[in-house]
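Quick setup: one chain, the form predicted alone, written in structure tokens, and binding and motion questions come after.
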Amino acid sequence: MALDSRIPGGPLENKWSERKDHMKMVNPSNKRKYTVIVVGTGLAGGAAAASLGELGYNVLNFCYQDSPRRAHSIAAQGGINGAKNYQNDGDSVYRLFYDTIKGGDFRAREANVYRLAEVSVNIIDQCAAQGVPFGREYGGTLANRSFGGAQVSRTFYARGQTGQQLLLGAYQALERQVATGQVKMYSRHEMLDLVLIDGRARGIVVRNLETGKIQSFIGDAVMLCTGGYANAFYLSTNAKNCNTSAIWRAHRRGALFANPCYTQIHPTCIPKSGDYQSKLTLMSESLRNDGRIWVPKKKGEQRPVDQIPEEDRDYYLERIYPSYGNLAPRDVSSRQAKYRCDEGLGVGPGGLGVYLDFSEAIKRLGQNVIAERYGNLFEMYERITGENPYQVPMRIYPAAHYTMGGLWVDYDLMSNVPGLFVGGEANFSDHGANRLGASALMQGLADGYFVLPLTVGDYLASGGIKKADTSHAAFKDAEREINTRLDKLLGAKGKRTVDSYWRELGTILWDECGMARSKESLQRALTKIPVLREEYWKNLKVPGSGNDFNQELEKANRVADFFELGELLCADALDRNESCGGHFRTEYQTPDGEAKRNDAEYAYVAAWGWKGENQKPELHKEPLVYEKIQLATRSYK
């Protein structure tokens, strides 16, 4: 399959303007004749649904939460990037573009990343106009702070609640369209399949999570903004209901899945406390502005932390990466924390932690300033651990967080399936092998407010969409397949719970394909996962029925998808014989432990096609061509 990314010609800085200038248009009176299905109500989905409604399209918006405002975007803490250069510190659209390409270890599509940096300027104005309470300087101007992988301050924030405030802004815009009737909201509905008619994405099949009823909905285009798949690891920073089913079912219907092995490990999370734990808690990367990361220099250090003098502390990020210090990118910082713990220098239970220390900042700035910047984060940490971070350092350790892989999309954010658009974390397009902090919120809003509402219109105006309804055989076939699948899950009558299998799968993925991978570990995973998956379908125990509210059935259905995705994730990691960003193959590293890329053979997007259950997926390659930048060895030293 030839992958046409449909990148416009001309200079990089003119590509988005060129694309917009030549898009086909739908006139205002005709927009009301089209229906667009949007799955997801986070920043990408909520912003897209609100924008499409504002333009006059009929929008059907779906989420599995009880309210659109409970989308996982609400959990983002530290900030959103924007190349406004308010600090007059040398920032620019180009610098944000380059930092993002470099942060992704030169494995992202150049044109998409430049557009993201270009649009970032407008996002801040949009959100401020919606009333998002960004932090401000004494004189009233919007404040900025630094984030990893950058040497400028370009991150706008609302204390440690930026995701919440941005989502509330998008939610208000969405609810305005719900009130007008342009958007119909279906909460507590989970997408279980994508329906194609004449090769085009035309609808979805959902399950009403309150009643168990299976329903079909038809539209002229389908948009998936359903987040990432880090919960395949079981323990992650994601909300427990975050899953991959929407994009995975689209993959099974023909949509290519790109770069699944690019998973991000966040360096600043509260360490695991026991096997009883069901998720992990993120501590914002913004804390690394004022917190210093260190471990004791001696193994087996027994002194209380406040009695370990400076000369016996290793501020290892500051030592190894003096140009960036504690604000080194996430993949680099995570690996260095792992190295310290592997050497026996870790702190806390099991030695799986490093210190994030604010004592110097409190002395320099005062506790009131630190409380003003991070107070809610400090309170959350103390409630979870029982330790006061104003008095003792936080203990942090890396955890599965974000996924850079996702469904393959072209420049218009349309998948290889015509009419299927994918936004936010659900697509692969903008972050390469590692995402810089504060760029997830930026991408979600860029896609939802400024890209998808235009590119969907171009697709609809191109014509060729035949009239159909949910009585079409394609919908009936999809409903029948879903019912058969649910009956099979309920009918296993085995002895093991969904959570026990999910935890075991997650342990395999974390141990064999987590912060470090090798040929041997990936081969082990690819041997273990199919065996466990086969047992899952035979020995699973799902109580209740499919005709009512049944959270165990919901979970069982999602975990079945995690099994298939986990196998693809490991296969992709095994196929990529290099290290880059979050994909760290231990065989491919520099003498000082940094990732070693192989640009001659692997400077491409790996887009995998579904060939059927228990069949080897088919690899398609999109070469990464850089016009504006030169491939270089990534260095933060």
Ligand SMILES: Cc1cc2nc3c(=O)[nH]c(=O)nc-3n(C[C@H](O)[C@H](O)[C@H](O)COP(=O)(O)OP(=O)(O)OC[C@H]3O[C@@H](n4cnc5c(N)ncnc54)[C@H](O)[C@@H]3O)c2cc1C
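Just count from 1 along the sequence shown to find any residue number. These numbers were taken from a predicted model, which means no experiment stands behind them.
A second form of this protein, the form predicted together with this ligand, is not displayed here; the remarks below concern that form.
**Q** Of the options 522, 75, 542, 111, which one has a non-hydrogen atom that comes within 4.5 Å of this ligand in the predicted bound form?
**A** It is 75.
**Q** Report the residue, out of 246, 116, 127, 529, that has at least one non-hydrogen atom within 4.5 angstroms of this ligand in the predicted bound form.
**A** Flagged contact: 246.
**Q** Would you check, heavy atoms only and a 4.5 Å threshold, whether residue 425 touches this ligand in the predicted bound form?
**A** Residue-level check for residue 425: yes, a contact with this ligand.
**Q** State yes or no: in the predicted bound form, is some non-hydrogen atom of residue 50 no more than 4.5 angstroms from a non-hydrogen atom of this ligand?
**A** Heavy-atom contact with this ligand at 4.5 Å: absent for residue 50.
**Q** Give a yes/no on whether residue 582 approaches this ligand to within 4.5 Å in the predicted bound form, heavy atoms considered.
**A** Residue 582: no, not in contact with this ligand in the predicted bound form.
**Q** Check whether residue 57 has any heavy atom within 4.5 Å of a heavy atom of this ligand in the predicted bound form, and answer yes or no.
**A** Residue 57: no contact with this ligand in the predicted bound form.
**Q** Taking the partner as it appears in the predicted bound form, which of 358-366, 321-329, 336-344, 431-439 has residues with heavy atoms within 4.5 Å of this ligand?
**A** In the other structure, the partner sits against 431-439.
**Q** For 36-53: residues with a non-hydrogen atom within 4.5 angstroms of this ligand in the predicted bound form?
**A** Heavy-atom contacts to this ligand in the predicted bound form: 39, 40, 41, 42, 43, 44, 45.
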